[in-house]
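A single chain, nothing else alongside it, follows as C-alpha cells in the form predicted alone.
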Amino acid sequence: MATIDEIVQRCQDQVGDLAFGYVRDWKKRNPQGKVMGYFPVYFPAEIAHAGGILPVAILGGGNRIKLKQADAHMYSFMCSICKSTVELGLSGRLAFLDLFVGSPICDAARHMPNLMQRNVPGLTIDLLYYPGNLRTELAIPYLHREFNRIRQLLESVAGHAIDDEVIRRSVCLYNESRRLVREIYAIRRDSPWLILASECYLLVRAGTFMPVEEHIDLLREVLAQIPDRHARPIDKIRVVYEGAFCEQPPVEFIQALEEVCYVVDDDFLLGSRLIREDVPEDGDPLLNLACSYRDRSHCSSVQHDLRRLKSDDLLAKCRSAEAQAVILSPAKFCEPGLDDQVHHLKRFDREGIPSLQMEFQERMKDFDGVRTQTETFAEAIQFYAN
C-alpha cells in the first residue's frame, strides 16, 4: 500500500502535467470513452459520469506555462486562469477533449469560450448558465431546464441516452466522494498537523480529473492511514483562507502559508465541493441537483443570494474551525473576489477578527513575499495574544 506522502506526490505530479497524461491514458484504455472539460466554478459532473463521459476540470495552466499565444487575444488585465486556459487550447493541449463547457461567472469567463471556439479548430464549446438570483423560486425550474439541456448535449457526445436511474447511481457515487472529502476537511480542522492544507488540496484536485470511483478509493486509502501518521502539533496560529473559489494558487503558495500557520479551512477548489450536503438520491435527479445548487451549497463569490450573507458564511466557517484570523486572498484582477473582499473586511473589523489581505496569480513563482507577509501577520497576532 502506498503511503500518504507517496499518494500526495503522485497527485502533485498529475496536477502539474500540462499534457494531461492521466486523462489521455484513460482515453487510451477506454477507446469508446469521451472526455469533457469544464471551467470552474461548478458543473454537475454526475450527468457526465452517468453518460460514460469523464468530466475534467480545466483549471488553467498554473505556473508552468508560458503565454505565447493567449496574450495576443486577451487584455493584459484579465485573470490568469482565463489566459492560461486559452493558451492550453491554442497550444493543442486540450485536443483530447470532446466537449468544453464554460461558465459565464464573470466578464472574462463569459467571453473566453467563444474566443476558444473561434481559434481552436474542432473543439465543441457550450456554456452552462446559472441563475443570477438564487433568492427567487424561479431559480430551481430554470436550473432544472439548464441541466436537462446539458443532459441532451452530453447525450449527443456520448451517442446514447442518459436516463434518470443511471444519473441517480452517479449521484450516490458523488455523494460518497463528497462525504469523504468532508471527512478529510473535518480531520484537518481538528488536527491540522495530521493532514496539511497543501496535501488536502492535491488530494481533492485529483478528483477533478479522475473517475469518481478511483477518487473514492484514493480518499479511503488516505483516510485509513491518517490516524497512524506520526506528527505533532506546532505552535502556529489557525487561519481560514478565502479567495480561491475559481483560479487556484500554486501549491507552493499554499505551502508558504502553512510554513507559518495552520490553514484549517479554505475555499480551494470550491466548485468540486460546492454542494455541502448529500444530494437526495430518490426522485428526479436533475431536480435534486438543481435544488442542491440553490439550497445545499456553500456561498460563492459568483452567486447572488440575499437569503444569506457571504460574510455570515465565512464568519461561521472561522468559528467552526476555531480560527484566530482570516486570510483574504483573491486572484489578481478577479472582480467577484475583490468585490466580496470589501464586505468581508468590514464584517471582520466589526467582529474584531484579524485579517490579512494579499493577491495571488496562478503563474506566480516567487513566494518569499507571501511568506514574509504571513510571518509578520502571525507574529503580530501571537504578540497581542500573549
Partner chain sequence: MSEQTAAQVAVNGAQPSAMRAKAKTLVKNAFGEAWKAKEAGRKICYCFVLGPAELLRCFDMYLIYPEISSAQMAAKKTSLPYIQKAEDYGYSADTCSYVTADVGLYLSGNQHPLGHVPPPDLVINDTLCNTYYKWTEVIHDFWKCPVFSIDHPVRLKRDEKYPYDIEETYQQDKQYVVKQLLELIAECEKLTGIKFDPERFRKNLEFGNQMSALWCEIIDKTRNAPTPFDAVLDGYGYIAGMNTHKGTAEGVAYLEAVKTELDQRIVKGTGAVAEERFRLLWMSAPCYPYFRKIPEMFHQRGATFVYTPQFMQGTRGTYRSKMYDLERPLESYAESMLDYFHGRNPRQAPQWSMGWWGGKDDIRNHLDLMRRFNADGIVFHAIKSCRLNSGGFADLREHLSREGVPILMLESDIADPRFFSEAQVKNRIEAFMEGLEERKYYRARAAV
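Numbering follows the first chain given and starts at 1. What you see is a predicted model; the values in this text were computed from it and never measured.
Below, we refer to the form predicted together with its partner chain, which is not included among the displayed structures.
*Asks:* Wondering, does K66 line up within 4.5 Å of its partner chain in the predicted complex on heavy atoms?
*Replies:* K66: no contact with its partner chain in the predicted complex.
*Asks:* How about P211 - does it come within 4.5 Å of its partner chain in the predicted complex, if we only consider non-hydrogen atoms?
*Replies:* Close contact is absent here: in the predicted complex, P211 is far from its partner chain, nothing within 4.5 Å, heavy atoms only.
*Asks:* Can you tell me whether N30 touches its partner chain? I mean in the predicted complex, with a 4.5 angstroms heavy atom cut-off.
*Replies:* It does not: once its partner chain is placed as it appears in the predicted complex, N30 has no heavy atom within 4.5 Å of it.
*Asks:* Quick check on G271: any heavy atom within 4.5 Å of its partner chain in the predicted complex?
*Replies:* Contact with its partner chain, no.
*Asks:* Which one of these stretches, 114-122, 158-166, 272-280, 248-256, sits within 4.5 Å of its partner chain in the predicted complex when only heavy atoms are counted?
*Replies:* The contacting stretch here is 114-122.
*Asks:* Tell me whether V204, Q361 and F367, taken together, all sit within 4.5 Å of its partner chain in the predicted complex, counting heavy atoms only.
*Replies:* No, the candidate spot makes no contact with its partner chain.
*Asks:* Ok, S191, N175, N133, Q225: which has a heavy atom sitting within 4.5 Å of its partner chain in the predicted complex?
*Replies:* Comparing distances to its partner chain in the predicted complex, the residue within 4.5 Å is N133.
*Asks:* For the heavy atom contacts within 4.5 Å of its partner chain in the predicted complex, list the residues of 303-338 involved, in sequence order.
*Replies:* The stretch 303-338, when checked against its partner chain in the predicted complex, contributes Q303, H304, L306, L309, K310, K332, F333, E335, P336, L338 at the 4.5 Å heavy-atom cut-off.
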